[in-house]
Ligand code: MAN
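The form predicted alone is given below as one chain in structure tokens.
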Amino acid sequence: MFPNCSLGHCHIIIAVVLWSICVDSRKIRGISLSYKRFYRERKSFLCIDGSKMIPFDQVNDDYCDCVDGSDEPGTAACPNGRFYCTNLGYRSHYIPSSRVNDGICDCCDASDEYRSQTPCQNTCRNLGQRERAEVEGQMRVLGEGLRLKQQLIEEGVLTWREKQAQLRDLQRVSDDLQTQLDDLRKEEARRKEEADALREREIGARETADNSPTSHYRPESPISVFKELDSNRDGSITVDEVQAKLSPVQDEEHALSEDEAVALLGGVHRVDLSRFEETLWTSLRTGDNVTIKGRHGVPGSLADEDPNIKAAVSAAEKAAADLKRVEDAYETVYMEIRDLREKLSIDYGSEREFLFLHNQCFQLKVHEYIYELCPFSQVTQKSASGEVVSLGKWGSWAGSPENQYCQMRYESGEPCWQGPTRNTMVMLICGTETALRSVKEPSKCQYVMELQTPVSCQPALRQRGIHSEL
């Protein structure tokens, strides 16, 4: 075994080899610095759970003595044992003791395969360098994200103030318009009342004149107008003849509808002379609604014969037009105020950092679908055929109490076939740009999206920095 050595020298060599093996076997492997105090070499060893005292030379002897497996941290003897990978230069961690010397390199420092035939390499330094580079890259992204976040916060504050000022201005305009409306409604009612009074007096005067045997006042008679409208001379006026001969006073190019013609004839489709005098003739005499095409009212109509009535009607029409114009303006301002108040009622974050997302939409194509997220509004899914399905409408923030603004909930989307209504949870992650990064459907009709944005970057992440063990 040892050629060219004397008997004494051979004994010494054998003793040294055995001693080195013994020392190697006595080395306490698989424990962390925090547990070294339990493994100080002495005559006896107390199981860490306090259940048993054993001789110290039974620690790591490949036989499980302690119920908690604490006597075999460096072997696979105990089924519940743990082996500590020191992994200097990388992240330390525990592995099950059953993986010790199993021929597979689990620890990057190769400490778990100290007696196996597997040639494990120590890769901790390379892994540490790679992870440090990744973390440093993340820190750079975080730093840039925080800088952009501050800009967006400042822009959000300015936008918020502008919207508040805009709301105050709109409210003042609304109050002014309301005052105008009150005055114009009174004016319109007064003008209409004056025109109606003049008409009533004129109609009364004409009726008196018609009944007087000495009167020379003879406006055009209903018989002559009836004959003019009776195109086929059959002794009646039909809906078709009314549509062909008459038009609205305000728009002679516009043809009367069948329903309008029927209404003028008193709700029927044909009238004789007596019925004509009770229905259509009244409308033609006042000249308010319809006229014979090509003529400004029927000869003898009130509006054409009396300039005072004509002026009163014109003034009433102008008052009505002015009222309509201000009513339209008031309705527009009212809608703007409502929309602005709704926008300002939304929670945009503690510093209004999410305000810039309002009225923006972000899309992502996944397979044959295009998903669109419109923050504070809705989430939709568009198929290749163009069908759009609602995946939920804005509900609320859904983060934890510690970080409320890290998740958005969109609910009450379209119902699934034989399933629940569609809902979407949006997870917000830190990044230097705002974009929709992923869409998943972990369960039926329940969607999860990731929206990357600078405003989700948190200073606490920067303070934590690179992993302390690297």
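This is a predicted model, so every value here is computed, not measured. The numbering used is simple: start at 1 and walk along the sequence shown.
Not on display, but discussed next: the form predicted in complex with the ligand.
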Review point. Just one of Cys406, Cys64, Cys47, Cys445 has a heavy atom within 4.5 Å of the ligand in the model of the complex. Which one?
Key: Cys445
Study note, to complete from the structure: Note: exactly one of Tyr94, Tyr369, Trp160, Tyr114 sits with a heavy atom within 4.5 Å of the ligand in the model of the complex, namely Tyr369
Check your understanding: Gln381: heavy atom within 4.5 Å of the ligand in the model of the complex?
Key -> yes
Check your understanding: Does Glu441 make contact with the ligand in the model of the complex, using a 4.5 Å heavy atom cut-off?
Key -> yes
Point to revise | Contact label in the model of the complex: Ala435 to the ligand, heavy atom within 4.5 Å | key: no
Check your understanding: Does the ligand come within 4.5 Å of any heavy atom of Cys416 in the model of the complex?
Key -> yes
Check your understanding: Counting only non-hydrogen atoms, which stretch in 50-58, 29-37, 416-424, 65-73 is within 4.5 Å of the ligand in the model of the complex?
Key -> 416-424
